[in-house]
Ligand SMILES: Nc1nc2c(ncn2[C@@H]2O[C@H](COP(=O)(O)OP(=O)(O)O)[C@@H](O)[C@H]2O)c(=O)[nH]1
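We begin with a single chain expressed as structure tokens, specifically the form predicted on its own.
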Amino acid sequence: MTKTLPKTFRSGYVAIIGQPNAGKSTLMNALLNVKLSIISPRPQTTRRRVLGILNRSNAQIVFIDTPGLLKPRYHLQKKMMDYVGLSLQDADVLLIIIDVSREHHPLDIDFKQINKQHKPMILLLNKIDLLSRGKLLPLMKLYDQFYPFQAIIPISALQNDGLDQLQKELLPLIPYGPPFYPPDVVSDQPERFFVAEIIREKIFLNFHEEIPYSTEVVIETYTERPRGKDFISAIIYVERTSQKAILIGKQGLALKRIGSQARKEIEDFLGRSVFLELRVKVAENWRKSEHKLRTMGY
């Protein structure tokens, strides 16, 4: 028997917008209480938009995690900003997230340019656990002068601080309507997308300099087996032969470490055992090639 929804049920899309490393992915994961978006201490970890669906008895809120705002320097970054633009169009409400721990606050963000369609917009002052309390109120007053936000809410996404207040302020801004997705769905992305993202996260966490930014992960084979382990074969693309050597490491140890870390998290995410095969290939200057980006799913 289908459960009848109340007439006051709300359903809508909420885009999380901000500069690189402001805490967008950490926020969405905390709101959903499940890890969907990969996280690293390095900026520009998120490349695509990731939908996370929060199901409540009186509402379904679809959060959109987006890449960090930047001025594109090559095709990949242009694609990333295209995802941001699409998210701004789709959203019913915008969450602008600011990292208050930075010495220089991004007051040069053009809030009017971001919100051309005049949608409800909430400003989140994130990482307040790294800010002295005496600085918080003046900062809230400062941002209040820049735009008529629906609310300015201090939060710490990492510490789960202020998120109840955020949901309280957010819910009345969500339109009335039936849910877009079944109540047991937490994202619209297939499992293979999250598998590739988990592998890419381990590369970000294990390598420095340009290596993580020069890599892309593509799932070549994803076979579910009724008996035994699922088989997953992934290709890690790099831009140069020298990067391939670094990623594989001496006697293949670096690649084995990536595979071991990724496999454990993939198994936790899927709830079943997997056999993970990783290979490294060179796709020269793939970040600057429109054709290669399309073949990689951008």
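When you see a residue number, it is the position in the sequence shown, counting from 1. Since the model is a prediction, treat every value here as computed from it, not as a measurement.
The next section is about a form of this same protein that is not shown, the form predicted together with the ligand.
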*When you measure heavy atoms, are 47, 215 and 236 every one within 4.5 angstroms of the ligand in the predicted complex?*
no
*Any chance residue 127 has a heavy atom within 4.5 Å of the ligand in the predicted complex?*
yes
*Though only this chain appears here, would residue 39 touch the ligand in the predicted complex if you measure heavy atom gaps against 4.5 Å?*
yes
_Is residue 23 part of the interface with the ligand in the predicted complex - any heavy atom within 4.5 Å?_
yes
*Please run the contact check for residue 158 against the ligand in the predicted complex: heavy atoms, 4.5 angstroms, yes or no?*
yes
*Using a 4.5 Å heavy atom cut-off, indicate which stretch of 119-127, 223-231, 145-153, 189-197 touches the ligand in the predicted complex.*
119-127
*asked:* Using a 4.5 Å cut-off on any heavy atom, which residues of 277-298 would contact the ligand in the predicted complex?
replied: none
